[in-house]
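Listed next as structure tokens is one chain, alone, in the form predicted alone.
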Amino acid sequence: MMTEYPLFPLNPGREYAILQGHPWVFSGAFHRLPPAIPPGAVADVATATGEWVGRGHLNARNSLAFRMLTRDPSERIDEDFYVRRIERAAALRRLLPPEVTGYRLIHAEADYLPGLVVDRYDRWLVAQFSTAGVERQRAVILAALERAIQPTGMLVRDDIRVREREGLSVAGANVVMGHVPETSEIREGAVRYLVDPRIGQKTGFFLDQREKRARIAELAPHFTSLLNGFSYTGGFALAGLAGNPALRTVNVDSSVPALELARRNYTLNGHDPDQHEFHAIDISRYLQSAAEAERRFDIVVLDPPAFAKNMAAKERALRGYESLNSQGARVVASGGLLLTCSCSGAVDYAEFEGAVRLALVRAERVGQLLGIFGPSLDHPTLPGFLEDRYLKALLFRLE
């Protein structure tokens, strides 16, 4: 088949996964990959018998060599292509309530734009380019974003370590269009949050936890206290206060700047931060001291960073989840709630639930599982793309 892009056949029998919708092909599946092809070049993939399969970004220097962009052989990868993809992604996000002004606009493979993450904070966009393919077409993609979304400003953050796997440099944040303020304000229903897009976690906020925050807001009127572990800028605690302004909240995080922004968020929402607690301390140390003091909380939220970023770290991560959740379970009041989260892609739901189950046994607590959560609507995934199922959350009621 003649195409304007270089065509690379797969070894016999190696086309099954990609024909079933998986967006990746590893280097070992190819019959031959010339090392001279530029990293991130657009290329076509065919079966061993020459049947065209798809078009995407190719990086022969990475074991994850090919990432699918389109299964339409007539589709050119140009600015118009990216505009169409961005507009399709934006159409999905219009299903969110109008009072949600912060959300993920582009979620990489799930929006058929592998390697690209774009978060929207009101009128501003923050983008991350994590693969050689999108990096190679950065200028084209930024132009397409400006055309399709017309933001007030755009910021690009190149501070993610995953870029190194693609042979890309790691740097800081740069404004690439318009003006981006030091902090921007977003809303989730009745709650307002200040976001630091330049140095904040992820691109400034944990947008993927929106539905879990909403559940805490719904349940908060039935309880009087909440411990927000790994609190960052106070998201779960402020959601709880939106449901119950009388809730006593405690925020624990090792980052002093994050807690300072959390206090500002309390003030922004009409809550006196001096009437609540903010502790810059390791959560394990705090939980240990709370247990020793026989302090109990009606709601405990544990939302740690990833314990396992690859399969090699999985067993250690599972032990970490068991230890953390056994400590957390010890400070949940009888009849109270434990919301525990994992963003380790190497740990699946069953493994995470198993670790928490062992933690409850270790803490001598009995629990009922009330909810199982994944990411929010703006973080879709693809059927069969298990590698993308990074976020898991479990809600328990403990006796």
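Start at 1 with the first residue shown and count on from there. Every value quoted in this text rests on a predicted model; they were computed, and no experiment measured them.
Not pictured, yet referred to below: the form predicted in complex with a small molecule.
Trainee: Work out which of 183, 269, 323, 254 lies within 4.5 Å of the small molecule in the predicted complex, going by heavy atoms.
Mentor: None of the others qualify; the residue that does is 254.
Trainee: Using heavy atoms only and a 4.5 Å cut-off, determine which of 201, 225, 288, 174 is in contact with the small molecule in the predicted complex.
Mentor: Filtering the options by heavy-atom distance leaves 201.
Trainee: Could you confirm whether residue 97 comes within 4.5 Å of the small molecule in the predicted complex, counting heavy atoms only?
Mentor: No.
Trainee: Examine residue 77 and determine whether its closest non-hydrogen atom to the small molecule in the predicted complex is within 4.5 angstroms.
Mentor: Result no; residue 77 lies far from the small molecule in the predicted complex.
Trainee: Using heavy atoms and a 4.5 Å limit, would one call residue 131 a contact residue for the small molecule in the predicted complex?
Mentor: Although the small molecule is absent here, residue 131 would stay clear of it in the predicted complex, with no heavy atoms inside 4.5 Å.
Trainee: With the cut-off set at 4.5 Å between non-hydrogen atoms, does residue 103 touch the small molecule in the predicted complex?
Mentor: No - in the predicted complex, heavy atoms of residue 103 and the small molecule never come within 4.5 Å of each other.
Trainee: Picking from 114 to 122, 67 to 75, 215 to 223, 230 to 238, which part of the chain touches the small molecule in the predicted complex when contact means heavy atoms within 4.5 Å?
Mentor: Of the options, only 230 to 238 has residues within 4.5 Å of the partner.
Trainee: Using heavy atoms only and a 4.5 Å cut-off, decide whether all three of 211, 373 and 376 touch the small molecule in the predicted complex.
Mentor: No: no residue has a heavy atom within 4.5 Å of the partner.
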